[in-house]
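Only one chain comes next, encoded as structure tokens, the form predicted on its own.
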């Protein structure tokens, strides 16, 4: 049985600056919080870092041609704030790189989709996202990038996965800057959302015809049983993982139950009078990142945890296949997520959905020629694309699917041990398309999944 996507459906891939660019100390780029975090002993598997990564900074033209060769019509990339602004002053060499990249993408008939923030905050900003002033600095950064690239880039994402850059980063301590303060994570989350809202307002004024949005990572949370404790712990996880971010963007308020759950640690001075109006400034597209669905039961509290409203949450694995990350393969969860988002948030607002990340790490084994026959990744993509089509058939307005990721890269705290790429990157930084790349190329060219 085959499925087909409508003409104009976006089929491409995504990357982020720190994970692929390298050239971390070249042409005026300054440290990001991830450069600093990578120097912390034990923070990253094998003590690895993004100093070289995939060397995309020097190989961008090759990579743009690779995207075209794989039939992709869209490429979502992020800009390194540390590369383009030094103490608030535009770094021309850094900005020139992204201008060349955009030109190369367009020359290869690949539409650029720009993400302004994919976690690599300049280390020089005092207090990071716990400081309200960082949200103001973000607006300056957004406008500087738009001034240089706005004539050619028409789709702009403000934030990528704010849950990760707040709760994973400031409460669980597993992402940069590695803090373990639940109250600080709430501040970071609010300031991230405020930065999004203010940036959308500023970019809308500068460019009314641009397509503006945010990308939120959604991990649906289900109870392990019908017991009151399990249902409540799943609700609390869902509150801070999913609804904390999508609710204020679309409704202008934080979920009431989440505010109750966090009342003891919620900073009294956090939300100013006009903040939520700014956060809920209308957007044009919601990016959805989906990898898995989690099941929880109530257990004993543990600290630190990103689930600051549910330290007693214990994940339970079902009888489902696992990726190399240990994540369950659950395409039905994506279908259900998309129909929920459309029904409760994006549909009433007339905002389309795009899957801005979906993919899987597996324990790829290369043959003597460096080729990877990754049938498991092909199966993952086929099933998740089918789930997207099912959601569309149920009424969800979904406009595209971008695979994470174009190529194997620096997978944050996991270093280079986890490989999500359609394209293998070997020790000499050669790009070697895997079986999944060839398979997805056929999907991208035809719009059909066999």
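Positions refer to the first chain, counted from 1. Here the structure is a predicted model, which means the values were calculated and not measured.
If you look for the form predicted together with beta-D-fucopyranose, you will not find it shown, but the lines that follow are about it.
query: 141, 291, 198, 254: which sits within 4.5 Å of beta-D-fucopyranose in the model of the complex by any heavy atom?
result: By the 4.5 Å criterion, the partner-contacting residue is 291.
Candidate from 346, 160, 155, 305 lying within 4.5 Å of beta-D-fucopyranose in the model of the complex - any heavy atom: Exactly one residue meets the criterion: 160.
- prompt: Taking heavy atoms only, is residue 335 within 4.5 angstroms of beta-D-fucopyranose in the model of the complex?
  reply: Judged by the heavy-atom cut-off of 4.5 Å, residue 335 is well away from beta-D-fucopyranose in the model of the complex.
field: Partner proximity in the model of the complex: residue 35 to beta-D-fucopyranose, non-hydrogen atom cutoff 4.5 Å
entry: No.
- prompt: Do residue 63 and beta-D-fucopyranose come within 4.5 Å of each other in the model of the complex, heavy atoms counted?
  reply: Looking in the model of the complex, residue contacts with beta-D-fucopyranose do not include residue 63, since no heavy atom lies within 4.5 Å.
- prompt: residue 275 near beta-D-fucopyranose in the model of the complex, any heavy atom under 4.5 Å?
  reply: Because no heavy atom of residue 275 falls inside 4.5 Å of beta-D-fucopyranose in the model of the complex, the answer is no.
- prompt: Which among 133 to 141, 261 to 269, 376 to 384, 116 to 124 is in contact with beta-D-fucopyranose in the model of the complex, heavy atoms within 4.5 angstroms?
  reply: Of the stretches listed, the one contacting the partner is 116 to 124.
field: Heavy atom within 4.5 Å of beta-D-fucopyranose in the model of the complex - qualifying residues of 398 to 428
entry: 404, 411, 412, 420 sit within 4.5 Å of the partner.
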